[in-house]
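Okay, so here's just one chain, in structure tokens, the form predicted on its own.
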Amino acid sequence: MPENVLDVRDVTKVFERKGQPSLRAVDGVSFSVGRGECVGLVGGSGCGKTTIARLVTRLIEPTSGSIALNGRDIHESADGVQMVFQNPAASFDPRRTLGQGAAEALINAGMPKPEARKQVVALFERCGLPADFVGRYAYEVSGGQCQRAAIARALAPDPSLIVLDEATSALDVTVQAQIVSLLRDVRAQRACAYLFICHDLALVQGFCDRLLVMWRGRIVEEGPTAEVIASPKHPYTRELLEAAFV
């Protein structure tokens, strides 16, 4: 089994814009996520973090470069990655219950509906939601509860990597801490890896094993989280730290 669950190699993404210059959102980015590792990706708005998330989850395709999941081209093994979005309510179909949304991947994979529902109930309970929440809609629950359902949905196909794109930023501080605690527990139980995309260095400090700092479409600094925070080398990393910890 490959050591890394994710390998991104020299990936560039250019968006063509009608009547405007093209936008190079990601520019020659390379990084990896080890099996069971939690890697934080931080940077300001517009630096390319969400584009990375969309590339890794195959919502968009790279202009150049390669992305491998579990040692295979991501086109051959994309089922091993799931995503948790910033706005959980918007990520669920409002016409379907939370349980139906979470069961979809299981049913599409051939699991009978009764078995899929049973598994989803167990996942909801593991994520701190009562069994009856499988019958509720996203608009009927709080933001924190909806995000717990989104994490359960991401866990359903048993992925080796979960991409979390600002998954806690829309939540208040107390709920944010609860979600981070849940993610820590899930990781310990399942040994899945996380790519934790965030703009908040203070949040990732106690959660991520390794840190990537992104600026203007490039990774400008990386290393163990404690080392990057204690001894930043790039001016932009120092700027982020000053904003986060002053």
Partner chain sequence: MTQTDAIADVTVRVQVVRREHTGLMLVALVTLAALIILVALCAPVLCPYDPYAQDLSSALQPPSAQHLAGTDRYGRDLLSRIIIGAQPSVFFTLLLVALIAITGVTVGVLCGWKGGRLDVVLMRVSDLFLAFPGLVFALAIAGVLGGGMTNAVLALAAISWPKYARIARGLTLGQKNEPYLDAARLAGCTTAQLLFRHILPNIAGPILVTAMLDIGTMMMELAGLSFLGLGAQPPMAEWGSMMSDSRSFLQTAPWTVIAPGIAIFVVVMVFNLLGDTIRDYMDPKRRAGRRNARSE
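Numbering follows the first chain given and starts at 1. Since this is a predicted model, take the numbers as computed values, not measurements.
Same protein, other form: the form predicted together with the partner chain, not shown, and the subject of what follows.
Figure note: of the listed segments 54-62, 186-194, 203-211, 41-49, the one touching the partner chain in the model of the complex, with heavy atoms no more than 4.5 Å away, is 54-62. For the chain shown alone, Ala131 is not a contact residue for the partner chain in the model of the complex, no non-hydrogen atom being within 4.5 angstroms. A residue is said to contact a partner when one of its heavy atoms sits within 4.5 Å of a partner heavy atom; Ser160 fails this definition for the partner chain in the model of the complex, lying far away. Taking the partner from the other structure, the partner chain in the model of the complex has a heavy atom within 4.5 Å of a heavy atom of Pro94. Although the partner is absent here, Ala90 lies within 4.5 Å of the partner chain in the model of the complex, judged by heavy atoms. With the partner omitted here, the residue from Glu125, Asp172, Glu76, Glu140 that has a non-hydrogen atom within 4.5 angstroms of the partner chain in the model of the complex is Glu140.
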